[in-house]
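As a starting point, one isolated chain is supplied in structure tokens, in the form predicted alone.
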């Protein structure tokens, strides 16, 4: 019976797996999806900064925090939906939705989302 792996080999296995995943992502992901992914990372970082500011500094206009954070969450959901619709590997699932239609839905959803966020600010 094999003994447990040491933490060094486990760490190197994890590092190798992450390296392989990154190389595969860079070489096989279309530029359009990389651009959407970078926007998703920006939205997540924006939400984290807003949450940390609320926890560490102040939450005085609490409705402003709720509006900003819900804007980040809503925009993330809309962008993730856009990514799934324009991904070439998902074409069989979205036969009737062209990339242009997906972007138009994304833009309209973003406008509606930010209209409600703006109204929630007071």
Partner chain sequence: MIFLLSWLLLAASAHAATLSVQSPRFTISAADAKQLRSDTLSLTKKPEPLTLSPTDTLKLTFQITTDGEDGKGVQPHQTFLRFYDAVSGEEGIQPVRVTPGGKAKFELNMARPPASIPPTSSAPLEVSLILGSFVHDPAKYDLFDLYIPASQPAPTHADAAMFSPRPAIQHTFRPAQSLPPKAVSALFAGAVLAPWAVLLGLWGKVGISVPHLFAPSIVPFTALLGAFEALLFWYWVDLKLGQVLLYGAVLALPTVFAGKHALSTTGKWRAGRK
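Numbering follows the first chain given and starts at 1. Just so you know, these numbers come straight off a predicted model, no measurement behind them.
Another form, the form predicted in complex with the partner chain, is not on view; read the next lines as being about it.
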item	value
Proximity of residue 38 to the partner chain in the predicted complex, heavy atoms at 4.5 Å	yes
Contact test in the predicted complex: residue 31 vs the partner chain, heavy atoms, 4.5 Å	yes
Contact label in the predicted complex: residue 15 to the partner chain, heavy atom within 4.5 Å	no
Non-hydrogen atom contact residue 94 with the partner chain in the predicted complex at 4.5 angstroms	no
Neighbours of the partner chain in the predicted complex among 68-104 [non-hydrogen atom within 4.5 angstroms]	98, 99, 100, 103, 104
